[in-house]
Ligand code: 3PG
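In structure tokens, one chain follows: the form predicted alone.
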């Protein structure tokens, strides 16, 4: 299989005068500063293209609409992108492909933002005819939407059959850091898994069970393993369908379950102080850390202490060991970074992945359709 081609390797003369279709991910809350991380992450790709004299047609999905919805329109993002790149953005409100293509060709703006891709028929079906129509608006294609690269969608996968295709700066950075986490970890290596979902994280635990020196569990995954041990979890969030798989990993010497928890109304909602201290010591002794998923219901202060303790631990590790490898991902995990209540720039050895499900699948050793499409592109 061919290697992914990176936009960063193109020379300015190969970019100048060309129109690039850039797939990004704006499946976020425009009113949430924490959610703006995904938008900020793709701005360097926009700036590189504009600096080199390119024109940009960009697209994203938002939510899971079955038809047009004002609440899920991308119109709100046009001024946000414009402010960040210092250029006007022409928003195309049409969500029928013929009308949209016509409007794009009539625009003389340097950046054109299309309406929510999921308003268009053919996007979620990965329809090649729809992808061909999208490709007719550009000379080259760039995937800078790592969070949706585990999905088969026309603007992520099928479009690569019709245009020379490249990974954007953000996708390149994601692949490099995640590859390092999979193949070039420095021991002791610690994996921290939390959050609400369990089934999509079992694969990561299975992949790393013979590679990680410690696997620290919290949230739904911890509750699922408690259930697998026969421990009552009351009405706590857990994945009944993943209990059988969890049982197979209970004897792992590297597996750590919370030794104490904080509960409310019969639900386990955070790890306790003893667990936080135990996990902190393990993290500070590590040379590599991969973390996906908060350890509790961090949105409520009473149940945020475990997750905050993890943030403080990885920040301290990064400061103590500048060569440590630290990769953190997942939408809720990134949002929980606000618990630090600091505007300081993160240490350079902490990489924040924009992906949630995509990060987990990639770390599980699965092939992502969006990345495979780039490898097999025109």
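The model shown is predicted, which means the values in this text are computed figures rather than measured ones. Rigid core (definition): largest C-alpha set, two forms, superposition within 1.5 Å. Numbering follows the first chain given and starts at 1.
This protein has a second form, the form predicted in complex with this ligand, left out of what is shown; the following refers to that one.
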| item | value |
| --- | --- |
| The single option of 127, 200, 90, 206 touching this ligand in the predicted complex, heavy atom within 4.5 Å | 200 |
| Sole residue of 148, 289, 134, 222 within 4.5 Å of this ligand in the predicted complex, by heavy atom | 148 |
| Heavy atom distance at most 4.5 Å to this ligand in the predicted complex, all of 5, 18 and 55 | no |
| 4.5 Å heavy atom contact, residue 51 and this ligand in the predicted complex | no |
| Distance check, residue 320 to this ligand in the predicted complex, heavy atom within 4.5 Å | no |
| Proximity of residue 333 to this ligand in the predicted complex, heavy atoms at 4.5 Å | no |
| Any non-hydrogen atom of residue 27 within 4.5 angstroms of this ligand in the predicted complex | yes |
| This ligand in the predicted complex: contacting segment from 308-316, 39-47, 61-69, 334-342, heavy atom within 4.5 Å | 61-69 |
| After fitting the core, residue 197 CA displacement of 2 Å or more between this form and the one not shown | yes |
| Rigid core superposition, residue 333 Cα moves 2 angstroms or more between this form and the one not shown | yes |
